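Take a look at this one chain, the form predicted on its own, written out in structure tokens.
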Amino acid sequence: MNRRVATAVTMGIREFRRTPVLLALLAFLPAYIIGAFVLLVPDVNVPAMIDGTTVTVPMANFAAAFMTPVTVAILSGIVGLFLVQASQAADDRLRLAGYSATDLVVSRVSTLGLGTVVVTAASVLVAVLAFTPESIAPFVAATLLVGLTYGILGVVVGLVLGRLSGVYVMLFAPMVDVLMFQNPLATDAPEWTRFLPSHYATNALFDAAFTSSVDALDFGGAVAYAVVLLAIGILVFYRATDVE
């Protein structure tokens, strides 16, 4: 990381610190969503369809695993949204100081990555207090992929919509995607739902949570989805910041 990018990343982190609503969400939402669901669900076992096989798991464990990608997707999307909108004034000043569009893109992608790591760490910490995934490293990696995917979506939405409408989009999109169409307790989802952002990452996450093996195709699909989305996000952000 060169000196220019390091300076811009530091400024981006300071912008986050000046946004109390975002800091409150980062501290509060993982405990509220994951912790509350674990405490509220009944103490029973439920059958869940994991990787084409029915697995019986405690409801509390399922709630912790299921609400982790929901929480990470919501928070990462909002982090991406706030990042691109809060940094617009700073980006203008940096351009006047001689920063290129490439410098700004690298710095914002780095800041988004740091924000996603923090969101993932906070959510996984709450989840593992409730249950122990069968494969912890793949569980963390799949959660991080969900966060990166929705963080990039948050950046794109932040460039297109205003803050209020963008927040609504980043709140409801994970609920529709994860809660409605990636739910292992539900009946078979329509075929088109495999194109939704969290499909492959949540499949890998549930495998890691409740089975001893993880389908490499799910991980590969999640990585490919995030990479393609990142390329689109970089292109959109580059065109929005390029004044040369």
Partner chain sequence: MNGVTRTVAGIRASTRSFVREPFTVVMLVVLPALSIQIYGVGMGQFPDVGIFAVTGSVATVGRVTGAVFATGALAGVLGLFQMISARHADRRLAICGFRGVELVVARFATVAVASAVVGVVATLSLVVLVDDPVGAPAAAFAGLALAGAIYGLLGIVVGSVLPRELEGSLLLVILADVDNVFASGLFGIEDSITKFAPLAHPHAIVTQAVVDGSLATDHLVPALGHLSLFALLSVAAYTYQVESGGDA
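Note that this is a predicted model, so its numbers are computed, not measured. Between two forms, the rigid core is defined as the largest C-alpha subset superposing within 1.5 Å. Positions refer to the first chain, counted from 1.
If you look for the form predicted in complex with the partner chain, you will not find it shown, but the lines that follow are about it.
Residues 33, 41 and 181 are all found to lie within 4.5 Å of the partner chain in the predicted bound form, as judged by heavy atom distances.
None of the heavy atoms of residue 93 is located within 4.5 Å of the partner chain in the predicted bound form. The shortest heavy atom separation between residue 79 and the partner chain in the predicted bound form is within 4.5 Å. Using a 4.5 angstroms threshold between heavy atoms, residue 128 stays clear of the partner chain in the predicted bound form. Contact check for residue 26: a non-hydrogen atom falls within 4.5 Å of the partner chain in the predicted bound form. The contact with the partner chain in the predicted bound form, taken as any heavy atom within 4.5 Å, belongs to 74 out of 112, 104, 74, 84. The listed set 235, 21, 13, 228 contains one residue whose heavy atoms approach the partner chain in the predicted bound form to within 4.5 Å, identified as 21. Only one of 128 to 136, 94 to 102, 162 to 170, 141 to 149 lies within 4.5 Å of the partner chain in the predicted bound form by heavy atoms, and it is 162 to 170. Positional change of residue 229 between this form and the one not shown stays under 2 Å at the C-alpha, relative to the superposed core.
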